[in-house]
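One chain comes next, on its own, written out as C-alpha cells in the form predicted alone.
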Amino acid sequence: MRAVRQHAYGEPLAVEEVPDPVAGDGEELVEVAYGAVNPLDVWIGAGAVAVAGPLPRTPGCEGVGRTADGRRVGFRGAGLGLVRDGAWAERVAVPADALAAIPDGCDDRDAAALGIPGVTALDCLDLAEVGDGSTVLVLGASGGVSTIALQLARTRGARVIAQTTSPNRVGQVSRYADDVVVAEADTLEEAVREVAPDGVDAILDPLAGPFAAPCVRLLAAKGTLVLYGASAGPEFAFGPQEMYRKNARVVGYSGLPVAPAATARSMEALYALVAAGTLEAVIADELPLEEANDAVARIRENRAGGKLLLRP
C-alpha cells in the first residue's frame, strides 16, 4: 500500500510502497478515507514532542475510514502517528477502543475535520465550565480548534467574543461570534473591554506568550483561562495578584493523556452535532498523499485557512 513516511526529524516526507499493516489483538484494520493534518503532526515531525517513537514512521494522528465489516469510523490518539504508524496511508491498524462511529448525516470529510480540534474545543470549554450566560473570549479565532469552540460555546448559550490579528479573517469568524476584535497582544485588553467592560468568564488561548498577561487581566471574578498552545511564544509572565484577587484560574490542556475510549465518545458527540445541523467543520482543502509536504508547510506557516485533509 501507499503511505507517507518520515525517516528523520525535520526532513521532507516521502510517499512509499510499504507492507499492509496487520491488526493485532484488540485492533481493527481501517481503510482510510481521509487523514487529517494538525499542528500536532507538524510538531511531531519537527521532533518537538519528546514522547515520539522511533523512525521511520507514518505520520497522522487522526483520520476516518471503514472497518473490514463496512462501518464508518473516526479515530485519533492511541499513539497513532506518534509511537505507531498513523493515518496518512491507505490503511492503518487502530485500537478498537479508539474507534468512533460516524452516524448518517455526518459525511467523512466533516468527521475527519473534527477529531483533534473538536475534542480539544469540547474539553477546553468543559474545563472553563462554559454554560448559559457565560462570556467567552476565544483567541486565534480562525484556527481549527477556535472555529469549533466558537460554535460549541454558542450552543451552550454563551456570549462569544472572537479575537484575530488579521482584518482579513473577520468575515470568516464573525459567522460564529457575537463580537470580533482585531488585536495584537498589546491592544487586546483595550479592544475586548470595549465590548465587555467587566471582563470575561472564560478564555481559550492557543497563543500564550505576550497574550497571557492581558488575558489574565481580562478575567472576571472566578474566571478561567485555558491554555492549550503556545504559538505566540513558549514563555509568559503575569502579576499573581491579577489571579488571586479574583479567585481566577489558569489551567493547561493537552489531549495526549486522554484515554482513547473517552476521546471516541467525545468524537461521537461532535458527529451527532454535525448530523443535527448545529456544528460545521471549516475545511480549507483536501490533498493527495503526495502533497503531504505542502500541507505541513501550510500549517507551519499559518496559511492553512481551515482544516487540511490528505486523501489516499
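Quick note: we count residues from 1 along the sequence shown, nothing fancier. Quantities reported herein were computed from a predicted structural model and do not represent experimental measurements.
Same protein, other form: the form predicted in complex with a small molecule, not shown, and the subject of what follows.
Heavy atom within 4.5 Å of the small molecule in the model of the complex: which of 232, 122, 196, 213 fits that? Just give me the one.
Comparing distances to the small molecule in the model of the complex, the residue within 4.5 Å is 232.
Partner proximity in the model of the complex: residue 228 to the small molecule, non-hydrogen atom cutoff 4.5 Å:
Yes, residue 228 is a contact residue.
Give a yes or no for residue 144: in the model of the complex, does one of its heavy atoms lie within 4.5 Å of a heavy atom belonging to the small molecule?
Residue 144: contacts the small molecule in the model of the complex.
Given that the partner is absent here, does residue 188 sit within 4.5 Å of the small molecule in the model of the complex, heavy atoms only?
Residue 188 lies outside the contact set for the small molecule.
Report yes if any heavy atom of residue 39 sits within 4.5 Å of a heavy atom of the small molecule in the model of the complex; otherwise report no.
Output for residue 39 is yes: heavy atoms within 4.5 Å of the small molecule.
Interface segment, criterion being heavy atoms within 4.5 Å of the small molecule in the model of the complex, picked from 159-167, 80-88, 98-106, 127-135:
Checking each option against the 4.5 Å cut-off leaves 159-167.
Mind checking whether each of 116, 299 and 302 has a heavy atom within 4.5 Å of the small molecule in the model of the complex?
Contact check passed for all of 116, 299 and 302.
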